[in-house]
Every structure is written in C-alpha cells, then in structure tokens.
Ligand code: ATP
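Just the one chain here, laid out as structure tokens, in the form predicted alone.
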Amino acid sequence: MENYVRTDLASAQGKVEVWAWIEKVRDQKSMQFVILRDRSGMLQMTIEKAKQPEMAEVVSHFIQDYYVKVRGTVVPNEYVKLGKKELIPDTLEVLSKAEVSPIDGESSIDQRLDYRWIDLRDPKKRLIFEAQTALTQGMRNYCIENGFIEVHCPTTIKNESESGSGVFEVKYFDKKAYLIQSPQFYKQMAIAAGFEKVFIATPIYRAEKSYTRKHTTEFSGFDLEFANVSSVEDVMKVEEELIHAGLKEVSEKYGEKIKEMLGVDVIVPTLPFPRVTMKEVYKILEDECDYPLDEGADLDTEAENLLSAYMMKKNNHQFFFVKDYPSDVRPFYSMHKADDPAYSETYDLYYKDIEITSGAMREHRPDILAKQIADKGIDPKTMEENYINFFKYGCPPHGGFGLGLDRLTMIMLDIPTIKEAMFVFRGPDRLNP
C-alpha cells in the first residue's frame, strides 16, 4: 500500500493525502484543472481524462465548495502559475457535496450575514480573526507576565451594572435578572478578595437600538482591574502597555500578510500615548475647532471627530487619552477628584477617531459609594448585598478598564463596519445565525 503523508496544501510535496475545498474547476477536452483550497492556501490538481476517466466523470459535476479527500503525488511544473507545482491524484473521495452558493461578491452585507459561514470562507475575512487571535494573545501574555490572574464571571446579574439604562432583562426562574453590561462588579469583587490584579474575557450586552458602524448589542470584552492605584494615570499606563503588546504581536505575526491582503499598515504605537484633560478639550474645541461645548458636558460624535483630527495633527499618533471627565457623565463607581469633585479620576482612550475604552480609578469607600449611587437615581439598598458589601471589610484603592475586542479589531484593520469585524454580529434587528 502506498504511503501517503497527511498534510495541508501549502506544505504538500511528494506523496500526500490532502483534505480540501474545491475552489474552481476548468474542464477542458482532454484535461481537468482543479484548484483545491484549504486554510493554508491553494494547490492545482491535474487530471488526464484518458488515464482516469472515472475520476474525470466525478470531477465534471463539481462546483465550488465541494469538500474532497485526495491522495496523490505533488510534482514540480514550471507552467503552473500557482506555486509552480501540481497534484497528480491517485484517488479522490467526495466527503461533502455543495449547493450553489446563495451569496457572491455583489451580495449586500445583510445577505452575507444571513450566510455568515459561507461569507467567512474568504481568506481575507479569515485573516481578520487570525489577527484578532494574535491581538488577544499579545494582551493575554502581557497580563500573565505582569502577574494578573484570569477569572471567569457570570453573564447574569441581580442588579444593573451601570445606570440601569440599556440592559437586557431576563427571566431567571421566578426572579428578574439582567445580562451584564460589564463585568465591573466581579472585577472589583476580585480586588476585594485580595487577588490584586485580574483580567476577564467575557461577552458583554448592551440593549441599545444603535445602528452605527461601531455599535452592537453583544460584544467580546477584555477587562482589567488592579489594586494599589494612586491616580488614573496608573490605570492609563497599564492600558497603553497592554495595547502596545497586543499590536506588536499582530504586527510581528501578520503585519506583512495584512498589508498584502487588506492594504492596511498595523502600526505599533510608541509609548506613552498623548494625553489631554477634559478642561483642555473644552478649550481646544472652542479655540481650535470652533465647536464650543458647555463645561461639564460629555463629548458628542462631532466633538470626538474634531478632537481626533486635532490630536492626530498635533501628535502624529493613532492613540490619545482624554482624562478627568465631569463626574456627572461617568458611572457611579468612578472616584471623584479630591481637589475638584465635579471632575473624576476617569478617562477614555481613542484609537484613530473612535473611543475604544472607558477606564477609571474606582471609589472603594462604601459610604461615599452609596451616596454616588443615590446621586445617580438608584436606591443604594438594592446594591447593598451584591456590590457595596464588597468594600465593607477592607479593600485597596483600585482601578481598571474594559476593551471591546471587536471594535478594536475593526479599527486596527480599517474595516468599514463592526458587522465585518465580528465572527457573528448581534444588533437590534439581528438574532441569526
């Protein structure tokens, strides 16, 4: 019996067994040229009809995306454009037939999302998730190398984790529960438990009817929390190092391939990232952008775009922090600045022209925390058992932040919409596949 070596298409040489998709068939009078495709690349298979009439008959019925197992010999051939080699088959087995694809390059994005598993067969789209894997690996390695512990938390919670708006309510036996808007409570519980440094990768839910290119109702979060924080600067320093580690991993593993296939340069940012306070932002918007905002107001989309353009021109850097937000526009668990309580120890991080992170030093003193909860219109008693109690038995000052991996991937690769940057998109009007 012939000794065939199981291999992928890119590595195929000599006597091989390959499992692959059918990409294309050219059926000529005496020859058939079949392009095979797997994750590693493509390879031409050549069949002489006179020598293998039964195999040729089978191949004559092939369409794109049949899945086959082939045993044969890979030989060099200078006339073959695809890698200067071809596979001469000895046996061919059809493992799965395919119907004609319901989508093509002209299909709308919503049609393609209906058949996402077919849409993702495009090597360019697979590269998005290879890059995202490297991004996550780089960030995870940074966390582990710096003493962080990974924890896993529930995605259902008894109380809202933010202000109470934009949450999905679910029936939990005979009780009411909510899908988490953030693993915030659980991160802080880990700090109160003495873990000191934690990270959590988890699904996050937002019940917001937003139809922008950057919004989704469910996304993959990557959150950090750590103790012994003196100011928001400590938190910002960790995040810029984390982002640098993630993008460095992507650049080293896939930078050239991303440039070749997607036309995008993955730039590893220099440290530290530029910083600007909200008080400075108000002045920049009024003096430099002719777009005044009332002091104490949050940034709207136009203000974000104008500020991003200004910061890029000034610093030639794809990232920048906006820090010291007004306390009124931040969550109740944010620490107010000691010398100016109207402002907080908080920040947002922008990548190119989109906000990717909200971070903060947290309020760890239970009496002050209860007051801030009440100030947001929430009854502190509803949060006593599963939140405020965390801080009654001693807790170090701490802070942290959360990243949306899908949005980060979208911006990194200049993808037009988050629908393309997610494996499966969820939005107000989409619950399938």
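Residues carry their position along the shown sequence, with the first being 1. Nothing here was measured: the structure is a model prediction, and the numbers come from that model.
What follows is about the form predicted together with ligand ATP, which we do not show.
Contact annotation: Asp119 falls outside 4.5 Å of ligand ATP in the model of the complex, judged by heavy atom distances.
The closest heavy atom approach of Ile356 to ligand ATP in the model of the complex falls within 4.5 Å. Among residues of the shown chain, Gly400 is not one whose heavy atoms approach ligand ATP to within 4.5 Å in the model of the complex. Shown alone here, Thr216 lies within 4.5 Å of ligand ATP in the model of the complex, counting heavy atoms only. Annotated contact segment (heavy atom within 4.5 Å of ligand ATP in the model of the complex): 403 to 411, selected among 35 to 43, 403 to 411, 64 to 72, 366 to 374.
Site annotation in the model of the complex: the residue of Arg206, Lys248, Lys85, Arg112 reaching within 4.5 Å of ligand ATP with a heavy atom is Arg206. Contacts to ligand ATP in the model of the complex (heavy atom within 4.5 Å) from stretch 411 to 426: Ile418 only.
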